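Next up, C-alpha cells for two forms of one chain, structure 1 and then structure 2.
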Structure 1
C-alpha cells in the first residue's frame, strides 16, 4: 500500500477535506506540498484540542511535506471571531514574541521542527497600505460573510460584530496567497476562513489550497469543545500527574473518541475498545488508564507516564499520601493562639477563604493526621509535622516556624 493511500491519513481524525479528490491527486503526484498552519500568539497554550490537527500535520511531514507555520501577529490583534466575541487588548511586540516562543516550544513536541518554516504575518502586513486594504476588501461582500454561521448567528441574536472581525478571514486568506499554500489545516470551525483563502488564491491566479479540516475535540467535561477559557482542557505543557489525572476524569463515553483522535492504536483495537466500553465487559477505568499513560508518554515520556499512574493509584485509588506534599510553616505560637484551624486552612491555601475553610470542615472534608475533623477548633491543637488535608487533593505538611 502506498503511504498516501493509508486510510489513517485521510480518514481517521479528519472531519472533511475540500476537496478530497484534489487532495488525493496532489498526494499521488508525489511532489512535496506546502502545508499551512497559522496561530495567533495571543493565547499561547496548546491543548489536546489543537493536538488533533497537529498530529495530522506530523503525519504529512513524515510523508515528506513541508509545513509553513504562520505567526499571526496581526490577526492576533483582531481576535478570531470563530466562537465568542471579546475585544482583545492590543499586545505589545514583546508580548507577541514571548507568546510565540511559548507556543512553538509546545508546538514542536508534536510537529517536526526540521520540516517547518516559520513566517510572521508582519513580513507582508507590516508594509500593507490602505490601498492594499481596499483592494483586498473589495473582493468580498457582506452577504458572503454573513453566510458564515457564527456571524449569522451573532447578527441574528443581537450580538455585536466588530468590523475588524470581518477582516480576520481576509488576513488569514491573504497569508495563504503570500506563502502559496497547497493545503491549509484547521478545525471545522475554521472552515469559512480556510475557504476564503481558497477563493482568494483562485482570484490571485494561484492554485486554490486544499482545506484540511479536523474535528473539534470535546473537552474533559464531556459536553463543550475543549478550550482554555472553559477550563475543560488538558494542556500539552502540563505536569504528568495533571495530564494523567485530567484524563482519568474524562467521562467514560469519551474514551473511544480520545483514542481515535489522539493515539496511534490500530483501528481494530479501537473498535474493540469502543465495543468493550459500551458493552460493559471491561472496566472503563482500565482503558482510561491506558489512554492517560499514552498521553503522558506523548508529551513527556514513558517513565513519567508510569510514575503518574503509580501516583494516581496511590493517592486516588488507595487514598494514600502523595510523595511530595507541600509544607506550610505555621505562624508563631502567639499568633496561633488567636487562630482557629479554619484560619490555618485558608492561610495554607487549602481554601480560598476562611468561610470556605469552615464549610469544608462542616462537610467533613478536613482531616488532621488522618482523623476527620468534626468541627472547627483552636489552631493550637495543630502539631508541627502534622498532616492537614482538605478535600481529596489538597494536603499540606505542617512545620514549626
Structure 2
C-alpha cells in the first residue's frame, strides 16, 4: 500500500491533519520531509501520553523522513517570570541539560535516533535582540491570539494573561521557520501554536508546514488528560511491574483507546476487542493483561513482561507477598517525631511525593502490617520490622536506624 493511502498512518491515532490533502501530496511526491517535534525540558520524564505522537513520528521515519527534535532550552530558562504557571518554572542551564538528557534517553526508546537531528533553541534565540522581538511580534495582532480558546476563556473571565504567554506561540512558530519544517507534530491542545507556525512560515516565504495533530490520551483515572502532576500516568521509564500494574488499573472503557493509540494490533482485531468489552462477552481483565504485556515489552522486553504478569498474579490476584521486599531504614526517633506517615511513604519510594502519599492514604490504599491506614498519623507510630504497603503492588519492610 502506498503511504499516502495507508489508513494506519493517516487515520489511526490521528486527530487532525492540516491540510490532509497537502500532506498526502507531499508523501506522494516521495521527497524526504523534515518533521518537527519540540519539547520543553522543564521536566525530564516521558509518559504514554507523549508516546502517542512519538509512534506517529516513528512511522514517518520508517518511511524515510527525518525528524528535527528541538530542545526548548532557551524558553525553559526564561520560564514564567510571573510565577503563575507551575508548568513553566525558571530553570538553570544545568537543570535544562540534565532534563533534556533524561528526556532524550526515554524519547529514543520509541523514535529512531539515527534518523533524528537534535537542535537546541538557543542556537537562534541566544542571538535575539529587542529589534528581532519587535519585528516578530509585529506580524500578529492581540485579537488573533485572543482567538485561542484558553486565552479567550481567561480574558472573558478577567483572569490575567502574562505577556510572556502571548510570546510563546510566536517563539514556537519561529522555531519552524529556522529549521524549515515540512510537518510539525503536536497534541490537539497545540493546534493554535502549530497554525501560528504555519502562518509565520508563509510570511517568511517558506512553504507552510503541515500540522499533524494527535489525540490527548486519557489518564489511568479514566477522566483527565494523562499527567504526572495528577498522578494518573504510566511512565516509559518505570519498572516493568509498575507499567503492568498501572495498565491493569485502567477503567474498562479505556481498553480500546489504549490498544488503538499505543499498540500495533490490526484494526479488525481492535474492533473485535471493543465489541467484546462493550458486549461483556469476554472478561475485560484478559484484554488488560494483553495490553499490559504489550506495553511492558515495548519499553523493556518480553521476559520482563512475563515476569511482571507473574508478579501481578501472585501479589494482586492471589494476594501473596512479593519474594523480594526491599528494606527501608526509618529516620531517627527525633526525626520521626516531626514527621507524618505520608513523609515516610514518599521517602521510601512508595509514592512520588508527599502529596501523592496523602492521597493514597485518603483512598484507603495504604496498609501497615495488613491493617488499612485510616488517616495520615504521626510517623513515630511505625515500628521496625513492620510491613508498609502503598497501593496494590508496593511494599517495604521497615527497619530501625
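Positions refer to the first chain, counted from 1. From a predicted model like this one, the values you see are computed outputs, not experimental measurements. The term rigid core refers to the most C-alpha atoms you can superpose between the two forms while keeping them within 1.5 Å.
The form predicted on its own is structure 2, not structure 1.
The rigid-core alignment places the CA of residue 371 2 Å or more apart between structure 1 and structure 2.
In the core-superposed comparison between structure 1 and structure 2, residue 330 has its Cα shifted by at least 2 Å. Fitting C-alpha atoms of each rigid part between structure 1 and structure 2 shows the smaller part swung round by 39° relative to the larger.
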